[in-house]
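One chain follows as structure tokens, the form predicted alone.
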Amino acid sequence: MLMQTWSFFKKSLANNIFRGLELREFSVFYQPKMDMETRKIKGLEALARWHSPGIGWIPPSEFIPIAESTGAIIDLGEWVLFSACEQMKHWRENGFSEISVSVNLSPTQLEEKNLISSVEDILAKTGVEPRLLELEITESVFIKDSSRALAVIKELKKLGVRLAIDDFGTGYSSVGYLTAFPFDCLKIDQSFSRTIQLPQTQVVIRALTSLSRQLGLTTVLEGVESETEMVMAGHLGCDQIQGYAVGRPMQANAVTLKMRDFQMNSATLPLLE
């Protein structure tokens, strides 16, 4: 009975995701990444948010796994990618021509046969320079079929976009991924931020940043929430940080105001609230 109830809930929520897309219940929030050397915003990560009139805000932790398991993530992911590129186009038209945005690609999306043509079409329609779009891929995609994943990632790379391996350090992390796949960025999982004051954690972070530098990869430490964690991330060689210490996910208009404030004052962008 419980299995039937769970199955019904999943199917119902998946159907509501499609309905929510049609009714424009979804929005894209952007979380900034800060460059450790300049203390300026280096880029933004696009994140899906869902506000249902009858329920309220539905956490991504609830709807993303169901969207992934039911295939609804294909439509949702494509919508997020298009929305993010449209916003990049808007920012470019308003003087922010070098702002880059990263978008997550799920394992299901990577298996979608039309993924490459879809990304190519969105770039063409929005006029976004491929170099300003970064696609984030979790290492879990390599466990199922690494040869298939490699082929898809190589095709994406041919489009000129940047590629990042996300949440590195969890599950079956392997430094072999960093040499076998054409990544540009390594995002270190937020679990390392939580324990960054431990000597053993510092050894791992320093090793990852050192290796990444030798491979020509940019390193981003995720989940940085305090000034102490931020300072230590810099000492350990992280190129960029992301987390509440820099800024929470926010709507595009709030990001625009922050960037405009920086542009007008010609000063290093302050930490975001």
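What you see is a predicted model; the values in this text were computed from it and never measured. The numbering used is simple: start at 1 and walk along the sequence shown.
The form predicted together with a small molecule exists for this protein as well; it is not shown, and the discussion that follows is about that form.
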| message | Please tell me whether the candidate spot formed by Met36, Ala207 and Glu227 is one where all three residues come within 4.5 Å of the small molecule in the predicted complex (heavy atoms). | response | no
| message | I'd like to know if Gly223 sits close to the small molecule in the predicted complex, meaning any non-hydrogen atom pair within 4.5 angstroms. | response | yes
| in the predicted complex, Ile64 touching the small molecule (heavy atom, 4.5 Å) | yes
| said: Although the partner isn't part of this model, could you tell me whether Ser106 comes within 4.5 Å of the small molecule in the predicted complex, counting any heavy atom of the residue? | reply: yes
| message | Under a 4.5 Å heavy atom criterion, is Glu45 part of the interface with the small molecule in the predicted complex? | response | yes
| query | Of the residues Ile73, Leu135, Cys185, Met88, which one places a heavy atom within 4.5 Å of the small molecule in the predicted complex? | reply | Ile73
| Exactly one stretch in 122 to 130, 73 to 81, 88 to 96, 175 to 183 has heavy atoms within 4.5 Å of the small molecule in the predicted complex; which is it? | 73 to 81
